[in-house]
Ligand SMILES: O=C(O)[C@H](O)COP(=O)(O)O
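As structure tokens, one chain now follows by itself in the form predicted alone.
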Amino acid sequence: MDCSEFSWKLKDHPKLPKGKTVGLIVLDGWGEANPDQYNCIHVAQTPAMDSLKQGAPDRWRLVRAHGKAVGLPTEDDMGNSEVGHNALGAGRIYVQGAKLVDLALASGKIFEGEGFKYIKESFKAGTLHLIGLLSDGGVHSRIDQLLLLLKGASEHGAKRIRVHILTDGRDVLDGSSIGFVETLEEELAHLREKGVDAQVASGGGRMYVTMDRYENDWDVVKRGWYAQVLGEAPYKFKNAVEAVKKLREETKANDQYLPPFVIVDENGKPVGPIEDGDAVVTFNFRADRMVMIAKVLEYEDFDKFDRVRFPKIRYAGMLQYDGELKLPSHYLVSPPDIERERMHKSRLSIAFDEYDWNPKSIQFGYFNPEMEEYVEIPSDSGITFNVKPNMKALEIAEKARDAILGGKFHQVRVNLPNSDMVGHTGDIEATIVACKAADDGVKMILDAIEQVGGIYVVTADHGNAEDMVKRDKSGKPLLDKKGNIQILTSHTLQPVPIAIGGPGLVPGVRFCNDVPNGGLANVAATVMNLHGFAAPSDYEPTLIEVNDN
């Protein structure tokens, strides 16, 4: 049976009945790679996931979770939770953040839109400030987009520009920040040759300065505010290259955790604090770590920390970071217009607050508050995730189990973030523990599905923990100058698993073989089928078929 036969417009599926509880589990950062000592998923004890892979070959497969399969520009672009979850929920491949920005920059439309016209009003008398992650990782931002934005802004009237950099070392190799700063400084020098007063004004590591999320630690944002707006930081330097090199050497901090610094002139005065009349752009395209700074820049009523002063500025995000809060109110690139289908099924979504199921950048709220419920489990604050790699997997799984056994919901969706969040720390031993904890959570949820005669779908949103080492072109681990392996903390380009099963699954349901390049966007139609519905014809095709024999 060809999978395209399932593509009807929300009518009953001819062979799959309604009424079974569906448990949808998403493992964050759980890809599939060759087994070795740096594959934490392989090394960890993961009997639940192993049983899915080994128990029913026609109900386990891999799907693509990066590049064009999730709406990113190229096959070299790593997936992430935001684009992955959008693809999982939308059922169609939409142009996502990075590619939206690429298209807007390539066409020049970014400089013709209302957002740019808004900030341009400050160019004549004020300074344009650009705040964001200086990296080519492609998860939160890209340096080539920043350089194009600098060039375009200068050509459209910006005469004084200050860049407030956040060093990465998380989505890219630790230590690469020096090269990125050198590249930026070269471009700023070119602008100065053309008569534009362009300099780096401040900086700091992304996990210590500015880029907190979900209101875990407002002190992170406060450090950025004091450096970027007040020109105050514990470290002062004459240029950004010197700042990064010396801070890495003197503090022994990696790129992620560099302390805040400001650039000062020959008199020791900060070269670029944000003042009344200035324009500010946060140039990250990914939303989650920009929402908090957007609130500080935009909200007049704010009580999370003492801002000391609140300059009257024109602020725009690269995109709108929170569609529900309409934050920021001005942005340079419009978000994708994602349509969603109503399934008229009650559902519960459970997530750790570090990774919401429904990314805040395209948060539409409830379809029907009487039939839906969202639950967030608070994270541990003030610690790095490798300190407690179990995180809140048990609490999340218990909530899901209780919801499934309670019988109130037709669908229970769960996000288990351990393998990704701990994988980002680069701590291999802790990531192994994290993978086991996530697997324990999967086991608890699958047991509940078994008890109610339901159906499970287990998948992931992108890779991470399956490969924790930087490799050369032949696949061998790269070593640093001291002979130590170079740890990989970023997402990967690996595919992710998807498994289906449970006592409620109709005999004969299996993965079909005519969608070999299936990706996360194919999961929505698959889940609709398992609920007893045929998916809309414009969805990516389902991954399953019913074998009548």
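Remember, it's a predicted structure, so these values are computed and weren't measured experimentally. Don't overthink the numbering: it's just position in the shown sequence, from 1.
Below, we turn to the form predicted together with the named molecule, even though it does not appear here.
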*Would you mind picking out the stretch of 151-159, 377-385, 102-110, 76-84 that comes within 4.5 angstroms of the named molecule in the predicted bound form, counting non-hydrogen atoms?*
76-84
*May I ask you to state whether H66 is within 4.5 Å of the named molecule in the predicted bound form, using heavy atom distances?*
no
_Touches the named molecule in the predicted bound form: R286 (any heavy atom, 4.5 Å)_ = yes
*Taking the shortest heavy atom distance, is V244 within 4.5 Å of the named molecule in the predicted bound form?*
no
*Decide whether D420 counts as a contact residue for the named molecule in the predicted bound form under a heavy atom distance cut-off of 4.5 Å.*
yes
*Could you work out which of R413, K392, R223, H424 is the residue within 4.5 angstroms of the named molecule in the predicted bound form, going by heavy atoms?*
H424
*Judged by heavy atom distances of 4.5 Å or less, which residues of 477-498 approach the named molecule in the predicted bound form?*
H491
